[in-house]
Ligand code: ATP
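Shown below, as structure tokens, is a lone chain in the form predicted alone; questions about how it binds or moves come after it.
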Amino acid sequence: MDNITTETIGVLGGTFDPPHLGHLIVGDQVLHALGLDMVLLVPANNPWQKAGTRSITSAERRLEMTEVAVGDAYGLSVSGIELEMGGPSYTSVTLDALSEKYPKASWRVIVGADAALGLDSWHNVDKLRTQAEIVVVNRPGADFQPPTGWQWDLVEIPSVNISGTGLRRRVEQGHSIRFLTPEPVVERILKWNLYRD
């Protein structure tokens, strides 16, 4: 009889425009708190929920920034699966594609407490409930409403007030973003002249 080994993989999807230390902290905290084998950061090819709200950096550049942000961090990896598939990015479809690459994996989808409130509006939600457990990340002491009808875990993470919106604004205003995102990300933002009018 074959030895069947399973691995438990967290999926942290996002626009990553740009990736920053908050993303890395979330991935690392969930990895260790739940004893996962790996956390995959998955940049969206076409983040449909943000379409039309602002200009979004090309998927290829967001993927490269995420790769250099993660570097060789233990337990964290980056997947370009949504770019390979093309089109809008839906978690349920992404999990189907990832399951082909990792056929023995069980999945944990990592979301913030605010996003957990909107899970029922996600694409193909009934299927998604069967594909993965939800990991909700929240700041210690913050109010938390568990998502109903889902299998879920809660991981409290240190409060780090860094956001992509804030970083883009700082760059646009000519302020430094060093130490808010890894240096290779800063270098690419400058090289590509991102987030400036």
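Quick note: we count residues from 1 along the sequence shown, nothing fancier. Just so you know, these numbers come straight off a predicted model, no measurement behind them. Here the rigid core means the biggest group of C-alpha atoms that line up within 1.5 Å when the two forms are laid on top of each other.
Beyond the structure shown, there is the form predicted together with the ligand, which is absent from this document and is the topic of what follows.
Next on the checklist: I need to confirm a contact call. Of 80, 112, 71, 88, which residue comes within 4.5 Å of the ligand in the model of the complex, counting heavy atoms only?
Outcome noted: Checking each option against the ligand in the model of the complex, the one that comes within 4.5 Å is 112.
Next on the checklist: At 4.5 Å between heavy atoms, only one of the stretches 71 to 79, 90 to 98, 104 to 112, 123 to 131 reaches the ligand in the model of the complex; which one is it?
Outcome noted: Result of the contact check: 104 to 112.
Checklist entry - Taking 9, 32 and 119 as a possible spot, do all three reach the ligand in the model of the complex with a heavy atom inside 4.5 Å? => result Looking in the model of the complex, the three residues 9, 32 and 119 all stay beyond 4.5 Å of the ligand (heavy atoms).
Checklist entry - So in the model of the complex, does residue 154 come within 4.5 Å of the ligand, heavy atom to heavy atom? => result So residue 154 does not count as contacting the ligand.
Checklist entry - Is there any non-hydrogen atom of residue 168 lying within 4.5 Å of the ligand in the model of the complex? => result The answer is yes: residue 168 has a heavy atom within 4.5 Å of the ligand.
Checklist entry - Using heavy atoms and a 4.5 Å limit, would one call residue 147 a contact residue for the ligand in the model of the complex? => result Flag for residue 147 set to no.
Item to check | Touches the ligand in the model of the complex: residue 182 (any heavy atom, 4.5 Å) | outcome: Contact check for residue 182: no, nothing within 4.5 Å of the ligand in the model of the complex.
Item to check | in the model of the complex: members of 157 to 173 within 4.5 Å of the ligand, any heavy atom | outcome: Those in contact are 157, 160, 162, 163, 164, 165, 168.
Checklist entry - Any CA movement of 2 Å or more for residue 141 between the shown form and the other one, core superposed? => result Yes; residue 141 is a residue whose C-alpha shifts (by 2 Å or more) between the shown form and the other one when the cores are overlaid.
Checklist entry - So the Cα-Cα distance between residue 141 and residue 161 shifts by 3 Å or more in the model of the complex; is it shorter or longer than what we see here? => result Their C-alpha distance shrinks by at least 3 Å in the model of the complex.
Item to check | Pair residue 139/residue 15, Cα separation in the model of the complex versus the displayed form, closer or farther by 3 angstroms or more | outcome: Note: Cα gap between residue 139 and residue 15 shrinks in the model of the complex.
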